[in-house]
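The form predicted on its own is given below as one chain in structure tokens.
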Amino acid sequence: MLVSACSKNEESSTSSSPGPSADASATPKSAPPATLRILTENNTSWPPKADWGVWKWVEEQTNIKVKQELQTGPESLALAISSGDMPDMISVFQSDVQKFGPQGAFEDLSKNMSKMPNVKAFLDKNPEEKARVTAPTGEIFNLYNSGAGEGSQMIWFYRDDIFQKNNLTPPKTWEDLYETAKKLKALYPGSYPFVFRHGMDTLNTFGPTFGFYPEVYPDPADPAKVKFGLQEPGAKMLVDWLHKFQEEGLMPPDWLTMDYKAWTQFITTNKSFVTVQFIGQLEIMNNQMPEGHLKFMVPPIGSGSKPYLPKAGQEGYGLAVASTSKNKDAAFRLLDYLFSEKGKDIQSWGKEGETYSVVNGKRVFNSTYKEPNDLRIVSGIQTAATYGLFDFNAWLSLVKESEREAYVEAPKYRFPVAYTRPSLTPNETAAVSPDNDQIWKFWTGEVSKFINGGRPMADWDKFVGELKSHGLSNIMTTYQKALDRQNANTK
């Protein structure tokens, strides 16, 4: 159980000491009142409300009143920056930071760490996170949220009731998966036993169990080096398996364009029995299914001896401070609160008596919150700009006991490296983008042909050679240089 910051630390934050200790966020009594405008997404699944608890708790703890402004479209951020009236803080993705940070839109947080001891402590303790937010030229233009990324894990799950009914065991390898799918097809002729809905992007999920991600990623054996996954032997093995599944009707013919609605129909109507999807979908599907039950499945081994899922857990959304803000000190104070243990606790759980009670030593959310997503809808918990660090136990406490197995098991199978690329300078981005676009269009088109039978697998080695004529050398050289620089900057 997390605890609040002690009063001694709170007192120390009011002194003129130039180096306050971590978790010494200013308190309402000591901090000057301020109002911050924050630009965030406008998510229709949890429509933002001015009276959300998360904003009230921020004001109680920091004396900062937040006015949330909402994006109205994909150009909202660019328009806000060019308007000359940019909000004080902005919710940003990495692509926003890489585009607008070097242009001077965001404050360099690295120069203000003395005002954010909790942020500094977090980055010092988490060098991988520090590397992610450090620009090629050394600035830190944003901070990523941390702690809620467990919900973005892709996992395998299967119909355990159908398997039990037919004396089948969960497949341990892709060979087992293939043989099991054939048995299920024979038992349920109108079915497609294996289904997935993210088209070519699903190779990001399947790839690790064959030892690769499709494009540029850090070498698991030497993370200081970059690799291009389609050059790995495992890529050919995976594509060959998918071709067999496609050829024998073991997965739907429209696998490349499968949407969420169609995927849901396959899962809930006894048309498919093994799938991959975000971890939260396991409980959602079990709640929707009129009969039967889905269960977490250990990823089948593709090559080698270990089953792997993609390495998840990192979040790709965070906060930046506008370089034009007249309230920068308040913005730094808010960031520091969000990255303190006290901020983590309150912005994840709310307040005792208001959002939860302690029962037999454990926090139990009030009956208003019946499932995890209610945290967002009712109080704004885990929505954009409302947290820096997140206690995932708050989310997990609302997951049914019978559905928690996946959250316990999935982290055991993570690939050693995440599917990430180092940040590029604007010049590097401009120089490599055409090659990135060209090679992506080429390989996704050709790999779909291999899977669908439009190009024979005998051509695979030729295909790998053709990658070189689509800018592969420039891509690899550019990202290796960027990774070398990133590693040097964050030592």
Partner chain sequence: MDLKRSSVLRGVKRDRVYLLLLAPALLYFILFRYVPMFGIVVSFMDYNLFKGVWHSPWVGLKHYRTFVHNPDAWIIIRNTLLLGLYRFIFSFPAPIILAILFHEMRWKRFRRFVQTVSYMPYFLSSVVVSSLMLMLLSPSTGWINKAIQSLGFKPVLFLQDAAWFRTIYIGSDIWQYAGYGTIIFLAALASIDTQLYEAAKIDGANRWRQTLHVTIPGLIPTTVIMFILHIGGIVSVELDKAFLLGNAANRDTSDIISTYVYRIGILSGSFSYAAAIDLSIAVVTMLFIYGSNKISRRLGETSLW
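In this text, the rigid core denotes the largest set of C-alpha atoms whose superposition between the two forms falls within 1.5 Å. Residue numbers count along the first chain shown, from 1. Computed from a predicted model, the values in this text were never measured in an experiment.
Below, we turn to the form predicted in complex with the partner chain, even though it does not appear here.
Proximity of Q246, D437 and N452 to the partner chain in the predicted bound form is complete: all three residues have a non-hydrogen atom within 4.5 angstroms. Listed stretches are 287-295, 383-391, 249-257, 162-170; the contact stretch with the partner chain in the predicted bound form is 249-257, by a heavy atom cutoff of 4.5 Å. Note on the partner interface in the predicted bound form: the residue among S402, Q103, S367, S305 having a heavy atom within 4.5 angstroms of the partner chain is Q103. Taking a 4.5 Å heavy atom cutoff to the partner chain in the predicted bound form, the contact residue among K462, K65, K49, K441 is K441. At a distance threshold of 4.5 angstroms between non-hydrogen atoms, T425 is out of contact with the partner chain in the predicted bound form.
Taking non-hydrogen atoms only, R421 never approaches the partner chain to within 4.5 angstroms in the predicted bound form. The partner chain in the predicted bound form is approached by S82, whose closest heavy atom lies within 4.5 angstroms of it. A135 falls outside the set of residues with a heavy atom inside 4.5 Å of the partner chain in the predicted bound form. Counting a residue when any of its non-hydrogen atoms is within 4.5 Å of the partner chain in the predicted bound form, the one hit in 199-214 is M200.
Core-superposed comparison between this form and the one not shown: the C-alpha position of M200 differs by less than 2 Å. The two forms, fitted on the rigid core, differ between this form and the one not shown by less than 2 Å at the CA of A235.
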